[in-house]
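This document starts with one chain, in the form predicted alone, laid out as structure tokens.
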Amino acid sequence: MSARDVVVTGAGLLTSSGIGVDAGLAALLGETAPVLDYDRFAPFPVHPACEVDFGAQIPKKSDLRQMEPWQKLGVFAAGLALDDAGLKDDASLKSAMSLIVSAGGGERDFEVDGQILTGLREAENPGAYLNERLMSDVRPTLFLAQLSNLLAGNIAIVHGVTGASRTFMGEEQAGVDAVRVAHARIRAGQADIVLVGGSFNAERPDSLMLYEMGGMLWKRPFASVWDRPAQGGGFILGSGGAFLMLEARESAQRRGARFSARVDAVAADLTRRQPGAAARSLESLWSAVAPGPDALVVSGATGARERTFEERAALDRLAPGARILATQDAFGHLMEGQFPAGIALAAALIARGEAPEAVVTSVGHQRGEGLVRLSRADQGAE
């Protein structure tokens, strides 16, 4: 069986810039200003999730009550993608649809954490005390934090997507691999339709603390991601969710669906973080996906100093004169959701006629690199 064309038939995006791909595009193109909150987590700015009625995609209050923000963001974005693809009410296709999610470890119960840490200081036997409190105070289904595959489970429950499901963990690279596997399965005929994406809640003190301990956060007034390395570097975390409906061309044509772009190639790498490694990785990946000279670039650059320096230098060599847009400048860093968000925006730009082809980049703030090439797709036969 020859490899099949993979097309984008739906996209759902929720970020600080608003609900839907059009809101994300407006921010990416500089038509609207980035939305930031400088006060709640000072000195760390964040791009907060926009105001949203989650009930529009998650109608049962009982479902909403048991989800933390990262899950609500993801389930909402997945519902938007289903709507965009015209599949929300197609129970038959949803029952066969594959689901691939990229997600972190979920959110902790800060109140319980605080109580345990307070009591631990005065406990006669700290080890026994800690074990007892963990067993009795932390919900047994969640243990120390919400499990990453709860997002996939809630998408299945709320939206009825009940085919094969898998979850990837590993920050930015989780998003790259989720898309890479979805694309490969459709190309190989192992799936016809895959709902793929991720979500991230930036408005969490624990996340901010962890990334600050690694010296990764930007603590100054907003500046373009390309300007930050010269001032020490750093990223601004953003809350949001991004999901894509990837589909075999013949499946889309069979049900009369329109598609925004074709996903031609996805490539991933995992280099050792040594000087020049990220640039060499991008050059190798660029050769693998083989974009043409007129490709537009949607970059997921984080702003982390060395990685961002190297990415920009590599792009300037590989695609001199190319139009380069950075998702970090539009709505911050969505971590696991950044790569799917970039693809959603790149596909929309192609559909608008902004470019015949686009490349989306991901260079992880610590490890992992990925590229995808998309192109204009004729709605007719292959």
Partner chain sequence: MPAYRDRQGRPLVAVTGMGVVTSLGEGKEDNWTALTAGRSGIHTIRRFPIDGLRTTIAGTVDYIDVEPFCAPALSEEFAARAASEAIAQAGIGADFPGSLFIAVPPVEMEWPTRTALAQASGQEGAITYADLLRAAGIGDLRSWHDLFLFGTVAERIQERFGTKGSPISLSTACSSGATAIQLGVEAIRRGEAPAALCIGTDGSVQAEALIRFSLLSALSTQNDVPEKASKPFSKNRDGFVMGEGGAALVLESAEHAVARGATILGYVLGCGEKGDGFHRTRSSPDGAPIIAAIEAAIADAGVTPDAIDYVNAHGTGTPENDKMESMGLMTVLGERMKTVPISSNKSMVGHTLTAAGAVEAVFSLLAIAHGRIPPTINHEIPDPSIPLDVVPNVARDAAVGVVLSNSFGFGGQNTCLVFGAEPVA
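Positions refer to the first chain, counted from 1. If you superpose the two forms and keep the largest set of C-alpha atoms that fall within 1.5 Å, you have the rigid core. Computed from a predicted structure; not experimentally measured.
Another form exists, predicted in complex with its partner chain; not displayed. Remarks below refer to it.
Q. Does the trio L210, M216 and R273 actually contact its partner chain in the predicted bound form, every residue with a heavy atom within 4.5 Å?
A. Answer is yes for this spot.
Q) Are any of the heavy atoms in F168 no more than 4.5 Å from a heavy atom of its partner chain in the predicted bound form? A) Contact with its partner chain, yes.
(Q) Residue-level contact is defined here as any heavy atom of the residue lying within 4.5 Å of its partner chain in the predicted bound form; does M67 satisfy this criterion? (A) Yes, M67 sits close enough to its partner chain in the predicted bound form that at least one of its heavy atoms falls within 4.5 Å.
Q: Considering only heavy atoms, tell me if R254 and its partner chain come within 4.5 Å of each other in the predicted bound form.
A: Result no; R254 lies far from its partner chain in the predicted bound form.
Q: Report yes if any heavy atom of F44 sits within 4.5 Å of a heavy atom of its partner chain in the predicted bound form; otherwise report no.
A: Contact check for F44: yes, within 4.5 Å of its partner chain in the predicted bound form.
Q: Work out which of the listed stretches, 159-167, 226-234, 292-300, 240-248, brings a heavy atom within 4.5 angstroms of its partner chain in the predicted bound form.
A: Residues of 159-167 come within 4.5 Å of the partner.
Q: Please pick, from D192, E310, D269, D83, the one residue with any non-hydrogen atom lying within 4.5 angstroms of its partner chain in the predicted bound form.
A: In short, D269.
Q | Residue among D37, E354, D63, D316 with a heavy atom within 4.5 Å of its partner chain in the predicted bound form | A | It is D63.
Q) Using a 4.5 Å cut-off on heavy atoms, what residues in 172-211 are near its partner chain in the predicted bound form? A) Stretch hits, in order: Q173, D177, R180, V181, A184, R185, A188, Q190, P205, D206, L208, M209, L210, Y211.
(Q) For a quick test of reading the superposition: does G276 move by 2 Å or more at the CA between this form and the one not shown, rigid core aligned? (A) No, its C-alpha moves less than 2 Å.
(Q) I want to check Q115: does it shift between this form and the one not shown by 2 Å or more at the Cα, with the core superposed? (A) Yes, because once the rigid core is superposed, the C-alpha of Q115 moves 2 Å or more between this form and the one not shown.
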